[in-house]
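Given next, in structure tokens, is a single chain: the form predicted on its own.
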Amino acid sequence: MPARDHLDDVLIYQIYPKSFRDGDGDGVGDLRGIIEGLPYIADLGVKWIWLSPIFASPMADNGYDVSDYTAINPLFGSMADFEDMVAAGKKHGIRFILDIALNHTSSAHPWFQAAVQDAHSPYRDWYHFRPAGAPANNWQSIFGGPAWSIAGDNGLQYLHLFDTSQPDLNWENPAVRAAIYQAMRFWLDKGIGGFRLDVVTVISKPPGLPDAPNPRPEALYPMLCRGPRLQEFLREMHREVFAHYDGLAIGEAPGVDPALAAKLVDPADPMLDLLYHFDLVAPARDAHGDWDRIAFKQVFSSWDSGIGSRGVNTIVLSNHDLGRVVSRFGDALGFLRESAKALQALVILSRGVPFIYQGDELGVPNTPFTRLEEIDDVWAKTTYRLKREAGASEDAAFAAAAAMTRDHARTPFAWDGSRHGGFTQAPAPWLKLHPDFASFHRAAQDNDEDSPLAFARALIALRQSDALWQRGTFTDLVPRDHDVFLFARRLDGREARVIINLRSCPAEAPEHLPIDRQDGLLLSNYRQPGSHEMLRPWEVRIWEVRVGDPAAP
């Protein structure tokens, strides 16, 4: 049995609080709305909910700019609402994971304000300040432009790997770490189930903050995630915080490869329980510009073998920062339901802790934004501004912003076919709903046995009821197939198979596999049986291989 057997039945559903359900009628989702939605989450079979940030914040970056680590953002409710939510979750057997940004605070945080205003303040060493002038190094912000900005009129510049409103904390200062750990214990004492640690792998910066060989964001992440004191800081965090509680430590880890990940989640050297990596979320392209299915499948295998049997991998295809999964990988126009179900099977039945983002279980696609005023995302607005400054036309700049905006994943959850999808009773929600939400709201799928929602429930029930899907080994059986993903899960002499056609056209089944057998069939996303030789577009078949079955090559 793996050393991390306590993670066997963990499956995490991510809620974006602003967009899940509005409980007080102001057009913005909140904690009361989450309480109202808990029966739905429990009915899915989910026992863990990850909440995007709910801490006090000016919301320049939707809560990842924290101004008080031990206060609830009034936009979402009160501390009493939070405590009621935790208690309500307990009644449903659900625990909450809070998303906390530890690499940076808001520029409105009292720590930063004191540091800027008083040269003798102890908080001056809580951030990375340098004399004003040319940028202190060549690093580029993840959101675009230099990673250094001027702090007011005091003759200083400060480091911000993200938005200008998010100054990086100086983790070299033990007082910073002590304050962070105290805040984490505050929430764990209130009964939460752990933390998702936002970009935690970049908290250790190179001494002296030297120029980077390649300062662009995509190269900075791999450099910064190997900071010289990262593992020391994570061990200290475990010792000071997580070792004293029954909770999960999930580290967001852009830039980390499987070899480093295996070290960070090794239970023999406690640092993190899980790493939230991004190698699956951006589809690789082949020489023709098409989604490279072979490269995609290789990521599953490389991370599975890289983490190994001691630690536990994670399976992440979508979140609040990405376009909708069915629009990025599936076919939202021709085979929305079929491809949504296929992608669900891939996430839920692979080896590792699955992450499901709200609405993916309904097959929600990207939203067609038509003007800049419809977009809230600060990153998209920065993209628009930089494109315009570089000489792009207004239409071209908007097209670039609309294509990449994180708001695709942040449009409100549609509960029914009523006005604003039942999300709010306010005159208007904070962000527009998908104009075709009537096609995929929750109520429409609730009693539809052929819906993506019904298939998600069936997949989750299958995984949660059988150790084979929780702990069984993972093997890609046709790694060079350009169309089909066929993998096996094996445990204690048992074997199950999952076959998925990853295209919107029929695909030939592997020659050795009699896929038309009904004996042992567990689930399929088509209601009618298929043929022996062909898989229909985005078809999924899941079955257990019987002892002596000729299907086993």
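Numbering starts at 1 and runs along the sequence shown. No experiment lies behind these values; they were computed from the predicted model shown.
Heads up, the form predicted together with 1-deoxynojirimycin (NOJ) isn't pictured, but that's what we're talking about next.
- In the model of the complex, none of the heavy atoms of Gln344 sits within 4.5 Å of a heavy atom of 1-deoxynojirimycin (NOJ).
- Mapping the unseen interface onto this chain, His320 counts among the residues with a heavy atom inside 4.5 Å of 1-deoxynojirimycin (NOJ) in the model of the complex.
- Interface residue remark: Tyr64 is counted as part of the site for 1-deoxynojirimycin (NOJ) in the model of the complex, having a heavy atom within 4.5 Å.
- For the chain shown alone, Thr367 is not a contact residue for 1-deoxynojirimycin (NOJ) in the model of the complex, no non-hydrogen atom being within 4.5 angstroms.
- Contact with 1-deoxynojirimycin (NOJ) in the model of the complex, judged as any non-hydrogen atom within 4.5 angstroms, is confined among 191-199, 436-444, 417-425, 472-480 to 191-199.
- Shown without its partner, this chain lists Gln358, Gln166, Ser350, Thr383 as candidates; in the model of the complex, only Gln166 has a non-hydrogen atom within 4.5 angstroms of 1-deoxynojirimycin (NOJ).
- Arg406 is the sole member of Arg226, Arg328, Arg406, Arg463 with a non-hydrogen atom within 4.5 Å of 1-deoxynojirimycin (NOJ) in the model of the complex.
- Contact annotation for 126-146: a single residue, Phe143, has a non-hydrogen atom within 4.5 angstroms of 1-deoxynojirimycin (NOJ) in the model of the complex.
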